[in-house]
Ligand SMILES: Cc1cc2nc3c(=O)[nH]c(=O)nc-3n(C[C@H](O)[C@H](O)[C@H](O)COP(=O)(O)OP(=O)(O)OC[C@H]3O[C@@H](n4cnc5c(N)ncnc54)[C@H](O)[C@@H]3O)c2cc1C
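For reference, the chain that follows is the form predicted alone, supplied as structure tokens.
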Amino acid sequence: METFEADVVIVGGGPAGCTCALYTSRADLKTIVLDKNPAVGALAITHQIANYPGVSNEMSGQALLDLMRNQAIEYGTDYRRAQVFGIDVNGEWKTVHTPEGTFKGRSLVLATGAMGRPASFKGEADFLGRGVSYCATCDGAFYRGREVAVVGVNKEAIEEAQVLTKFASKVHWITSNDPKPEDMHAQALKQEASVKHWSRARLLEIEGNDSGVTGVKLKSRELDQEQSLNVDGVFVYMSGSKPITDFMGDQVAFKEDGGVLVDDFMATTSEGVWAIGDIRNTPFKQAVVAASDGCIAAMAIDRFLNSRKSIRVDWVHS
């Protein structure tokens, strides 16, 4: 099996990995990005971008990701499709194992993101990005003055439903059981004038057409018949996303929530290894946050590999 060497090996080609590659390539560091599939990440499945600085709100997440990837490639990044099944971070050279070959780097960046929950409702996968969303912070503004449904009773569902009350004319909150009386956030949400709480209810189906979501069907234990709701968006929070770390073993330290533990420079507990983006399980899973992680890590890697004490800025004052 062929072996490839580089200054920087980045596992993951999302906004974090592409930004890191852009900066390391511009710093004249030989950089390889290993990406399992450029079409399945959180940004790639985002139908429309509205909150990335400087980007038109008519651009899709896939188009933005393509721009990021191509920009890194233009500056010298070696981008490869590869499935990583193991790493070895012991020693000066970090090793990444794939069916396509073995990749060795003087530094290693982990940027595989987090895995969303598998679709569990009829119509959920069909309308993902066309009315079905997992991020109200990202997509809430698209539903100004429209009715939406939020499914879930966990902390994330409550917080995201609260965000949607700023935009939607009606938020149908669907929960399989009653929120706990001592949960002050849940109780406050129930008091919102625009919130209709469907307690002890089960989502049966997400309906739609070529234009996207048009409604949902649900069944409440308190009512005999199925209920149909006309909504334009469905936000699903049945379980949180989990960082993709299965290929790492115990070679880096993790936080209690499963995210990789890093310092202020995105360095892990293993020297020469950095972790960026949603793999850290950050509270704000936004493309701009992931890109920021990539920039920070790249500048720290440049300093690490060149044994410099100061960070070199990447702009020119005229």
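Since we're looking at a predicted model, the values are computed, not measured. Heads up: residue numbers just count along the shown sequence, starting at 1.
One more form of this protein exists, namely the form predicted in complex with this ligand; it is left out here, but the text below deals with it.
- By the 4.5 Å heavy atom rule, the three marked residues 121, 165 and 233 all fail to count as contacting this ligand in the model of the complex.
- At the 4.5 Å threshold, heavy atoms of residue 133 reach this ligand in the model of the complex.
- Among heavy atoms of residue 31, none comes within 4.5 Å of this ligand in the model of the complex.
- Using a 4.5 angstroms threshold between heavy atoms, residue 288 counts as touching this ligand in the model of the complex.
- In the model of the complex, at least one heavy atom of residue 16 sits within 4.5 Å of a heavy atom of this ligand.
- Stretch-level contact check against this ligand in the model of the complex with heavy atoms at 4.5 Å: of 244 to 252, 70 to 78, 192 to 200, 153 to 161, the positive one is 244 to 252.
- Residue-level contacts in the model of the complex: of 238, 229, 138, 87, one residue has a heavy atom within 4.5 Å of this ligand, and it is 138.
- Note on contacts: among 27, 273, 42, 262, the single residue with a heavy atom within 4.5 Å of this ligand in the model of the complex is 42.
- Of all the residues from 78 to 113, those having a non-hydrogen atom no more than 4.5 Å from this ligand in the model of the complex are 82, 83, 84, 111, 112, 113.
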